[in-house]
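We begin with a single chain expressed as structure tokens, specifically the form predicted alone.
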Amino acid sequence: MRCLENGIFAKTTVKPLSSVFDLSNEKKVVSMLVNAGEWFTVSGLRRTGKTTLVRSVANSFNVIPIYVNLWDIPAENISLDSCFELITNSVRKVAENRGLRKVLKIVDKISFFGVSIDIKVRSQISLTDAFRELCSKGRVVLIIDEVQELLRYSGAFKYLAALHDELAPSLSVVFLGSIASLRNVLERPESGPLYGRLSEEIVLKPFDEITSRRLLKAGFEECNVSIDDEIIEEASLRLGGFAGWLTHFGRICVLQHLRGEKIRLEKVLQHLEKEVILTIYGEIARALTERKKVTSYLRVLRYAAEMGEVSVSAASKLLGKAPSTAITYLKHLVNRGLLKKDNESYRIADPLVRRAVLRSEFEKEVKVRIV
């Protein structure tokens, strides 16, 4: 069905703008910023639609879009070299698709692994040459997803700042991050490489209950599938307004309908949870990679899941640590999109993440994935 290929319930993160549900103001702002060649950030919890919004807008214009997802690099292999290599490979792919031989000739000589510092520096210069050549063919939009993976490598942002100063606005860069505010992180301290180079930040939040119901109804109508209003209302409540979960839920319902099965809410939710539970464990593990005392972070998450929220004082008591230390744990979980701060407490905003944390095998499954 075409509705599952490029409609509201499609898996792809590149859709016709009409299939990117709601977000009309965000579409306008992203369009304006991309057209102006601005460098900007899009932040928000996972599955709120950041990637789909930006990629779909960029692909609706006559530009050269380059998409880089840093989560394509396994956590154990993340390094400055691997990030540069991923960007180079993405440029190579675009050049191959567009038949840009001069760009291919440049990037085929680039190497970051197992070579001397001098060669790595020359490779960065060559990568700049490739971007320069791409910009001579048209406006370029570089989209870097899960950019929080780069935060430990100041060299990457120094390189990007140099790219900005030479190639903006012919080159626009959009930074996507699954944290509360990516711009605040990238521009701190004020002497940081990107300070003053980012125009603004767009923050996506989960949909409210009414918008969630509208999304599901629109998706089912697009697929010509009739679903009871009670199922739609209950699903909108239990999936927390996360566009990724809502579209996944709708897709499962449509596929079950096509198989002639009766749509039962609990069965669909169980199917959804079974499909995504390992992904969630992997995301939590990645957020805690290289952290000391992983068990302490997992205990905080479990407490938040069981009690509905966790305060600084509760985390302090739970961990047997001073409040200042507890805040450090909580801030990391917020910065990695696992907790959301509401006034003076912290909670797991994503209902499926909360369900995953409540499962008996939670701690074991996360720890076996930490490298």
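Heads up: residue numbers just count along the shown sequence, starting at 1. Quick caveat: nothing in here was measured; it's all calculated off a predicted structure.
Absent from the display: the form predicted together with a small molecule. The rest refers to it.
When the small molecule is considered in the predicted complex, residue 48 lines it closely, a heavy atom lying within 4.5 Å. At the 4.5 Å threshold, heavy atoms of residue 52 reach the small molecule in the predicted complex. In the predicted complex, residue 8 approaches the small molecule with a heavy atom inside 4.5 Å. At the 4.5 Å threshold, heavy atoms of residue 84 stay clear of the small molecule in the predicted complex, well away from it. Residues of just one listed stretch (309-317, 58-66, 38-46, 341-349) have heavy atoms within 4.5 Å of the small molecule in the predicted complex: 38-46.
Proximity to the small molecule in the predicted complex, taken as a non-hydrogen atom within 4.5 angstroms, holds for one residue of 141, 243, 110, 186, which is 243. Residues 89, 131 and 172 are none of them found to lie within 4.5 Å of the small molecule in the predicted complex, as judged by heavy atom distances.
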